[in-house]
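This document starts with one chain, in the form predicted alone, laid out as C-alpha cells.
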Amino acid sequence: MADYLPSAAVQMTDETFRLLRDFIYEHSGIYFSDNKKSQLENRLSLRLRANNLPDFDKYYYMLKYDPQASKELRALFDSVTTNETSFFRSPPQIQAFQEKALPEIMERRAEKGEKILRLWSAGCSTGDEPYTMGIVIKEILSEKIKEWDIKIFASDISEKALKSARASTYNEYTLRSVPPEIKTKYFTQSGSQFTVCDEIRMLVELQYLNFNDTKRVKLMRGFDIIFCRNVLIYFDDDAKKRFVAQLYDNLNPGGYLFIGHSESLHNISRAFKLVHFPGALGYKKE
C-alpha cells in the first residue's frame, strides 16, 4: 500500500466539509459552522497523514464505513477540540467557588449531618481545573478534609488530554496564576516541571465521556457543583439546550453550575437562577 503524504495543497470540498461536519455533530454534538471550514480542514490534515489517506473524502468514508474506525473516532475528537487551560483560570470564578458557593453548600451539608461533596469538572481537558478545585477544597477544610467524603469527577472527550491529566505534570506557564505558597504546598518540582501531590490527585476521578452519550450523562447524578467552562462554545443552540437541561438534572437542589466567563445561558435555559458574584456569574438550581 502506498504511503500518501497529503500536503497543504489537499483541500476539503464544500460537500465533504458538510459530510464531516454532520458526522462529527452526530457523534459528539460538536458543531462546525460554515465559516469554520478552514479550521476543520487544518485540524484534520494530520489525520490524513496519520492514516496514509490522500484526501478528506477517503477519510470520511473510513470513519463512516470502516468497522475498525472506533479508535480513529477518538483521535478525531482529539483533533477537533482545543485543550487550552491553566490552573486557577478565571480567578473571579474560582474566588466565587471558594468564598461563596462551596462554603454555602458545605454548611448546608454539615447541618444535615451529611459530610459528602460531589463535584464534576465537565470538559476537564488536561486536569488543571479539577486539580484546582481539589486544592481549593483542601485550603478550606485543611485537616478537617478527613471528615468528609469528597470526590471530584473529571471527564473529557479527548483521550490525549486525559492522558496528560493522569500524568498531572505541568510547566511553569500552566501554573502562572498559582500563588507561590500554593505551588510549594501542592506541587513537587523537578526541573521546570511541577507534579500535583498525591493528596490532591486522590480527590479526582478521571474518565472518558462523550456528552453525546446521553445514557452515560444521565447517570452523572447528585452533584453539588459543576464546572462546565468553555464547552458550550462547541455546540449549536439545539445541542446547548439539550446538554444544559441535562446538567440541570445532574445537579442537586441548591447546586451551582459555572460556565465559561464569556458564555451565557441567555436563550438557552431559564431553569437556573442567575447568581451575581464579584466579577463572575453562577447558575443555581433552586
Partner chain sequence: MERPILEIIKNIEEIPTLPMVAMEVMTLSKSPDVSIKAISECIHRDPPLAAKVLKLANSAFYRRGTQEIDTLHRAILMMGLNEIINITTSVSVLSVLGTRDKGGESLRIKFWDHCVATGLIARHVDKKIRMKAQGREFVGGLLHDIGKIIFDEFFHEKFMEAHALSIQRKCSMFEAEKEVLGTTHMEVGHFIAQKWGLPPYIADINLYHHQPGNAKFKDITSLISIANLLAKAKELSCGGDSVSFVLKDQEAWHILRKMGYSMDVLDIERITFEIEDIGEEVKTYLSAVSEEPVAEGANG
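What you see is a predicted model, and the numbers here were worked out from it, not measured in a lab. Residue numbers count along the first chain shown, from 1. Heads up, when I say rigid core I mean the largest set of C-alphas that superpose within 1.5 Å between the two forms.
Another form, the form predicted in complex with the partner chain, is not on view; read the next lines as being about it.
When the partner chain is considered in the predicted complex, residue 58 lies well away from it, no heavy atom lying within 4.5 Å. Contact check for residue 35: a non-hydrogen atom falls within 4.5 Å of the partner chain in the predicted complex. The partner chain in the predicted complex is not approached by residue 13, whose heavy atoms all lie more than 4.5 angstroms from it. Residue contact with the partner chain in the predicted complex: residue 31 places a heavy atom within 4.5 Å of it. Here is the short version: of 261, 49, 27, 241, the single residue with a heavy atom within 4.5 Å of the partner chain in the predicted complex is 261. The chain is drawn here without the partner chain; in the predicted complex, the stretch among 66-74, 35-43, 247-255, 224-232 whose residues come within 4.5 Å of it by any heavy atom is 35-43.
Contacts between stretch 254-286 and the partner chain, counted in the predicted complex as any heavy atom lying within 4.5 Å, involve 261, 262, 263, 264, 265, 266, 270, 273, 274, 275, 276, 277, 278, 279, 281, 283, listed in sequence order. After superposing the rigid core, the C-alpha of residue 225 moves by less than 2 Å between this form and the one not shown. Core-superposed comparison between this form and the one not shown: the C-alpha position of residue 18 differs by no less than 2 Å. Relative to the superposed rigid core, the position of the CA of residue 255 differs between this form and the one not shown by less than 2 Å. Put simply, residue 162 and residue 28 spread apart in the predicted complex: their C-alpha atoms are 3 Å or more farther than in the form shown. Three angstroms is the minimum change: in the predicted complex, the CA atoms of residue 256 and residue 25 sit closer than in this structure, by 3 Å or more.
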